[in-house]
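Next up: a single chain in structure tokens, the form predicted alone.
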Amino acid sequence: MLHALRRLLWTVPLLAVVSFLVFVIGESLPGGAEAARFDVHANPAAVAEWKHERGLDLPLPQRYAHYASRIVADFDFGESYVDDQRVAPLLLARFQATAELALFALLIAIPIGIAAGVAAAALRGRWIDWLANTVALAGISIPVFWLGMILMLAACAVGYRSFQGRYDIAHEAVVATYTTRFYLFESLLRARFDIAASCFAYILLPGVALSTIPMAAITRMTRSAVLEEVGKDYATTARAKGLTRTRVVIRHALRNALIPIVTLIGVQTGTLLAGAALTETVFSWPGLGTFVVEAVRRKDSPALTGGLLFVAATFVLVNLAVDLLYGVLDPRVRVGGGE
């Protein structure tokens, strides 16, 4: 309990420091805030009036204090410099789209990665070990945007066309009534299996492309962690009592190897939830990654700052969740802080 409380208390100042750094980055875009709103021939008086209305003529620390207080009090990330839209609703919608894609990719990557890693460790030196390592190396080495384009070309070759967007446009009226942007999962909960099938068709290729890197990393980590456990005394004793190597790996070594595996899954989850910009760009997926890219292109500081802050907060909170999970997975981890 003390360990969990300590971690929670550390998270607050960490988020404060990260938010300040992100705010400074957003405010440092070339051309200043007016570059997103006015052209080079704009009336200086109009520019000055616009900056005064938004408080952009205040010192940086004071602007950050106002920005942070709005986020804490009202979850208000300000308005876009380009079109005056509120940033918070846009961020939430984009984040939900990225979260659905990331969760779908993890549903592919985690079971396959762990199964492949366990099989490679249990059958070390055999053909399945060689195959798992080869596929994992390919998954880490192949650029995800290149793989996405290859998948699109292969899909086109067999007449598959569902890879630009999130669902068939024919379902637009029904999807617009959904309470969340988790279209696939909400369609399943509503028993709208026709729409769920459409959403599945559109999420399949980007999900497969996005899953390759975490799948490869999980495979390699699982194999390495399980092999380390197999070499310890308790595993040797179990083998001496007559248990097969496969049984030792699955029933004993895997359980004790979960901490590094879960740590890696947490890091990969944070990476995916932060916005896989390349995958989203290739497949026109309206997620958080493309939101940040568009904000940079438009020099829209509030949108960029909000997007980056979402990315940073996601990493911090996912790592916090993983750290708190350690004591649940392994009783050897003392929840009192390691005393």
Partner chain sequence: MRFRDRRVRTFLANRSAIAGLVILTVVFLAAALAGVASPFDPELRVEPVAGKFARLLPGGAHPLGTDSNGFDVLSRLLHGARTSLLTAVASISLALFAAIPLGAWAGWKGGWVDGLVMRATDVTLAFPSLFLAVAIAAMRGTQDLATVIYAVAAVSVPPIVRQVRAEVLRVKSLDFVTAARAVGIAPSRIVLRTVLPNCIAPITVLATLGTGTAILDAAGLSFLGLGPRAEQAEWGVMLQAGLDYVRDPARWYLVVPPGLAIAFTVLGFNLFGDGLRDALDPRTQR
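Residue numbers count along the first chain shown, from 1. These numbers were taken from a predicted model, which means no experiment stands behind them.
Beyond the structure shown, there is the form predicted in complex with its partner chain, which is absent from this document and is the topic of what follows.
Asker: So in the model of the complex, are L106, I108 and I114 all sitting within 4.5 Å of its partner chain, heavy atoms only?
Answerer: Heavy-atom distance to its partner chain in the model of the complex: none of the three under 4.5 Å.
Asker: Exactly one residue in R220, H171, R192, R181 has a non-hydrogen atom within 4.5 Å of its partner chain in the model of the complex; which is it?
Answerer: Going through each option in turn, the one that passes is R220.
Asker: Find the only residue in A119, A99, M152, V248 having a heavy atom within 4.5 Å of its partner chain in the model of the complex.
Answerer: Checking each option against its partner chain in the model of the complex, the one that comes within 4.5 Å is M152.
Asker: Can you check 137 to 145, 89 to 97, 184 to 192, 239 to 247 and let me know which stretch has heavy atoms within 4.5 Å of its partner chain in the model of the complex?
Answerer: Answer to the contact question: 137 to 145.
Asker: Report whether the minimum heavy atom distance between C156 and its partner chain in the model of the complex is within 4.5 Å.
Answerer: C156 belongs to the contact set for its partner chain.
Asker: Spell out, yes or no, whether the shortest heavy atom distance between Q164 and its partner chain in the model of the complex is within 4.5 Å.
Answerer: Q164: contacts its partner chain in the model of the complex.
Asker: Determine whether any heavy atom of G289 comes within 4.5 Å of a heavy atom of its partner chain in the model of the complex, and answer yes or no.
Answerer: Output for G289 is yes: heavy atoms within 4.5 Å of its partner chain.
Asker: Are any of the heavy atoms in V18 no more than 4.5 Å from a heavy atom of its partner chain in the model of the complex?
Answerer: Judged by the heavy-atom cut-off of 4.5 Å, V18 is in contact with its partner chain in the model of the complex.
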